[in-house]
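Presented below, as structure tokens, is a lone chain in the form predicted alone.
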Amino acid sequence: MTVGPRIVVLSAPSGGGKTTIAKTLRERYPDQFGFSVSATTRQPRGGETDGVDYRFWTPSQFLAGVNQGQFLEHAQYGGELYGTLRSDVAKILESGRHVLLDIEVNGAAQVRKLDSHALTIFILPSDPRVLVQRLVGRGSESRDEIKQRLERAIDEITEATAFHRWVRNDDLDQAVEAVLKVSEEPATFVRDPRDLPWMKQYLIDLDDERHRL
């Protein structure tokens, strides 16, 4: 059973790989997925382009947009504001494509509440050490900042039970194909019996990794 155009939310802690999966999906399947570019108040990073990676707005612009009801969802993360514009979502759905949202867990919760047809997917590498290695490998944050991100990751992972699907991101091609497959399925909760014990252990191991930093 296939479904019509809908919102497909990808969420993950920093280093989970959701942005890479979203980018790959829209590059490989442009006729099936449109990407809604989030607005944010944070400053651009090296190589990022306004309107392509994010819409870089001032805090006053962003808050005005919130007050005017321009956002489908918005949330604060790392001291900055992020949000999805309703107008962008509407344009993509009208084109007959799914809307890919690369957003945080708070935003995903807002979307689930507003749209029962939306599908929310939580993404993680199978091994928490991989998550830590990806954050350290960026080389853009101090050890204390990485520890703060891991603390946030633990909070985010505890909210994963609210997501319709869990996808393990160990191999990019396999993760992309998994998201492609479930995007055509109803927004029901599906779990492998092994997933819950894995997630519980993940939280323990990730906290151990945080303390080792």
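As the structure is a computational prediction, the values presented were derived from the model and not from experiment. All residue numbers refer to positions in the sequence shown, first residue = 1.
There is another form of the same protein, the form predicted in complex with adenosine-5'-diphosphate; it is not shown, and what comes next is about it.
By the 4.5 Å heavy atom rule, the three marked residues G15, T20 and N169 all count as contacting adenosine-5'-diphosphate in the predicted complex. A residue is said to contact a partner when one of its heavy atoms sits within 4.5 Å of a partner heavy atom; K91 fails this definition for adenosine-5'-diphosphate in the predicted complex, lying far away.
Remark: R138 counts among the residues lining adenosine-5'-diphosphate in the predicted complex, judged by a heavy atom distance of 4.5 Å or less. For the chain shown alone, R134 is a contact residue for adenosine-5'-diphosphate in the predicted complex, at least one non-hydrogen atom being within 4.5 angstroms. Proximity to adenosine-5'-diphosphate in the predicted complex, taken as heavy atoms within 4.5 Å, picks out 170 to 178 from the listed stretches 157 to 165, 183 to 191, 26 to 34, 170 to 178.
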